[in-house]
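Below you'll find only one chain, the form predicted alone, shown as structure tokens.
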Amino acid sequence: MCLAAFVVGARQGWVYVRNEYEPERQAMQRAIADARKRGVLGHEFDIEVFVSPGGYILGEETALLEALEDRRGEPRNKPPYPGQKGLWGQPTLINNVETLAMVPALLKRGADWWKAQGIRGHSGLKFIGVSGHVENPGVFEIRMGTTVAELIEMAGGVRDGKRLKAFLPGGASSNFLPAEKAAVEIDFKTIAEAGSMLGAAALVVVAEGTDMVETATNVVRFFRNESCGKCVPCRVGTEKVVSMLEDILARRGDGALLDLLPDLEQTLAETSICGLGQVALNPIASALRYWGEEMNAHLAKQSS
């Protein structure tokens, strides 16, 4: 952060930490205190830790700025972008902590070293969270180019010795991919070519025997709950889809969702203000793309 501030001429920096991460906040406070003692901070540049109740929407950079300004976390219309008009109207540089943490190593060891960290023609390293049906969930630092299957093995394999059924390579906002694509190499471009995205770099593993309609409904429900409600497409669209999915799971649906979903997905993708609304229906749309027969099975059970 000090190096980034030197480049852009910033005098003050903030590290945003959700209130659930108290041990991490304490570690950061100790590091800042040590840097001030050494004279690195406190003169030309200083850093504060900002603790917030959090919310998925605050992963959107302008919603995060709103929170820092003590307002409700809602995305701003862009342009202007934060680099032009950000925190309190000033030009603001925003990056993920992981990105900034790589800067010293890159400067010290060079771009060639960074490129060499990857495998199979890819460059660099990546932190990826692994959750879901694995024996040892956690955060792993991997070489770019590692396959999804290899990462699952690093996490102890699929839980209870079951076979892999599906996975989300980039967290809730990415598309579900079937087990047959687990040989995909982890990189932004290759994951996109496989039909999903690396996104938040949070691999969610789904074991065989899992109902994909129920699983996708749970994810879309999460987006419905986490929507800030600022724009109509996201606020109304997510509620409508969740309601229809829950009706289907409760055996009182009529299958209209299958006809409406493509238009709803396109509408949210093209008209939502921020990325949450733009991807909110990805989970169910991708689940139906690969496991449509499971939706048909649910519809066949509907009461008359």
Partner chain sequence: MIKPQKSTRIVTLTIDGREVSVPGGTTIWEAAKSAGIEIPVLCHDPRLRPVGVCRMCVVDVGERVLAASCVRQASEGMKVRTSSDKIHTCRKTLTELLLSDYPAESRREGATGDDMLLALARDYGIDRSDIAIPAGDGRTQDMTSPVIAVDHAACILCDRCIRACDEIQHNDVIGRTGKGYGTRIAFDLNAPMGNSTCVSCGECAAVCPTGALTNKTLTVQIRPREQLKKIDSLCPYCGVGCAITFHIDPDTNTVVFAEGRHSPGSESRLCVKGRYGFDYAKHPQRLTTPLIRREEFYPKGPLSFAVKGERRGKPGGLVDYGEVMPAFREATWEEALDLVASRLKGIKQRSGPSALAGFGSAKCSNEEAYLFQKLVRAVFGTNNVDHCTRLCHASSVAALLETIGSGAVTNVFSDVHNADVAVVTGSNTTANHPVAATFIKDAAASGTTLIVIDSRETGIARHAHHFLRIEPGSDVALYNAMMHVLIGEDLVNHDYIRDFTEGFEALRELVKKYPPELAEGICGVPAATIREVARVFGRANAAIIFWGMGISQHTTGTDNARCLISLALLTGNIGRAGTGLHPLRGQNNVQGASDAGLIPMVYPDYQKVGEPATQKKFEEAWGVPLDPNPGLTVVEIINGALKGTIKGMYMMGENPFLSDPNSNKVRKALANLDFLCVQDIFLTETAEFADVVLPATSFFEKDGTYTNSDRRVQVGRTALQPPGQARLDWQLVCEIATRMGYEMKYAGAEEIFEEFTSLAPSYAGLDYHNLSPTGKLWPCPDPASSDGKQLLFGDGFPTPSRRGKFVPVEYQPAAELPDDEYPFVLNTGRLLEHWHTGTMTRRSKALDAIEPEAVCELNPDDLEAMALKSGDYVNLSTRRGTITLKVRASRGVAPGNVFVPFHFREASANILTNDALDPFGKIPEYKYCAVKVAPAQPPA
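Residue numbers count along the first chain shown, from 1. Quantities reported herein were computed from a predicted structural model and do not represent experimental measurements.
Just so you know, the form predicted in complex with its partner chain exists too; it's not on screen, but the next bit is about it.
This chain is displayed without its partner chain, yet in the model of the complex the stretch 219-227 from 142-150, 183-191, 161-169, 219-227 comes within 4.5 Å of it by heavy atoms. Checking L258, L249, M28, A269 against its partner chain in the model of the complex, a heavy atom within 4.5 Å turns up for just one residue: A269. The partner is absent here; in the model of the complex, the one residue of K115, R72, R120, R109 having a heavy atom within 4.5 Å of its partner chain is R72.
The three marked residues, P233, V236 and K240, each reach its partner chain in the model of the complex, with a heavy atom inside 4.5 Å. Interface membership of T99, defined by any non-hydrogen atom within 4.5 Å of its partner chain in the model of the complex, is ruled out. Put simply, D263 is close to its partner chain in the model of the complex: some heavy atom of it is within 4.5 Å. At least one heavy atom of N77 is located within 4.5 Å of its partner chain in the model of the complex. Taking non-hydrogen atoms only, I273 approaches its partner chain to within 4.5 angstroms in the model of the complex.
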